[in-house]
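Given next, in structure tokens, is a single chain: the form predicted alone.
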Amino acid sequence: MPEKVKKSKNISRRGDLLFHSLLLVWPVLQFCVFYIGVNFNSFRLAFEGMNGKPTFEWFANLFDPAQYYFDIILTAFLRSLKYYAISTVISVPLALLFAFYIYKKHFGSKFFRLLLFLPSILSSMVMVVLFNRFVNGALIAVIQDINPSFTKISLFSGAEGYDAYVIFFNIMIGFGTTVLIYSNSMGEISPEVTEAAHLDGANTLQEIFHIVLPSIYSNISVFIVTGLATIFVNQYNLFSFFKDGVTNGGTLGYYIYLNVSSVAQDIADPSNALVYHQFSALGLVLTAITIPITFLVRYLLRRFGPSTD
């Protein structure tokens, strides 16, 4: 091989190596700045006692039933899991059906796409106001016309009703981005493939399960995994609904936000140090729980998911 060709190939390889290295540097830098750098003080506080010496006291307190906040954290932990599970089980199939409807360009599909994307354009606070006005106004009036004995307090009352209220809202506004991505991914499916399937006698359900789902499965798994990774920091718009009015009935993300933000408003109070230490430890525990679960679910989705082969 001529010497000039060898030099040219070496230069090309070095250029490729430099290019790929620069691409890897950016996400690593983001991780160092926005996770390690931002949370460095939290790491320190989680292992630092009130006397400044290393301790595991804050972690032990989290698992001590005698602590007053043990039941609150456990309830919020379970509620976060419930909200995620119910929202995922309901929203993923519905989003796929809506996306398939748009992908097939059925009647009103363009207008349908706009309506589903509207919650992503407007702020969550605007959607909360509209939702509250609808539920507490128009919906109540319609139900009372059907059943005059119905009272406003009957709707979404009690703990189960409160959960249903929040979950229903989050499912309603959670379609925009997912439906658009799903429908765009479906649009990349070769028309020849679906035409061949229909010529072979495949019906709509067979098309969905054997062609569409395997083709967009990577997008579905990404949404499931990323949602799972943020399961314990997601407030599910509780602050937009209730501000600080739900002290013992929210998710973990909402509970942590309320406590940390409230003590941040009164820095001079010595008891604030205790709150910061305790919630720093809680954050690390939740991270230790979330990471293996996220990787396990990711592995299972890849291992047992549909294949396009």
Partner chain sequence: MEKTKTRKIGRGERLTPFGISILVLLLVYTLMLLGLILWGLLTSVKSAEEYGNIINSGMYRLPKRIVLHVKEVMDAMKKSASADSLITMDKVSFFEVFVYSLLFAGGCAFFKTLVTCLTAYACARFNFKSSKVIYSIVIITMTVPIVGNLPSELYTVHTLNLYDHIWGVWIMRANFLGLYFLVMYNGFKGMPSALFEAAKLDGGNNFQILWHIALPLIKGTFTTVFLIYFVEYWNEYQVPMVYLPTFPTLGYTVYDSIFGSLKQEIRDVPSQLTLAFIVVLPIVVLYLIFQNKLMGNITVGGVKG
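By rigid core we mean the largest C-alpha set that fits within 1.5 Å across both forms. Residue numbers count along the first chain shown, from 1. As the structure is a computational prediction, the values presented were derived from the model and not from experiment.
A second form of this protein, the form predicted in complex with the partner chain, is not displayed here; the remarks below concern that form.
Proximity of residue 204 to the partner chain in the model of the complex: non-hydrogen atoms within 4.5 Å are present. With a 4.5 Å cutoff on heavy atoms, residue 58 does not count as touching the partner chain in the model of the complex; it lies far away. None of the heavy atoms of residue 85 is located within 4.5 Å of the partner chain in the model of the complex. Shown alone here, residue 50 lies farther than 4.5 Å from the partner chain in the model of the complex, counting heavy atoms only. Proximity of 117, 123 and 185 to the partner chain in the model of the complex is complete: all three residues have a non-hydrogen atom within 4.5 angstroms.
Residues 30, 31, 33, 34, 35, 38, 39, 41, 42, 44 are the ones in 29-44 with at least one heavy atom within 4.5 Å of the partner chain in the model of the complex, listed in sequence order. The Cα position of residue 34 differs by 2 Å or more between the shown form and the other one after fitting on the rigid core. Core-superposed comparison between the shown form and the other one: the CA of residue 23 exceeds or equals a 2 Å shift.
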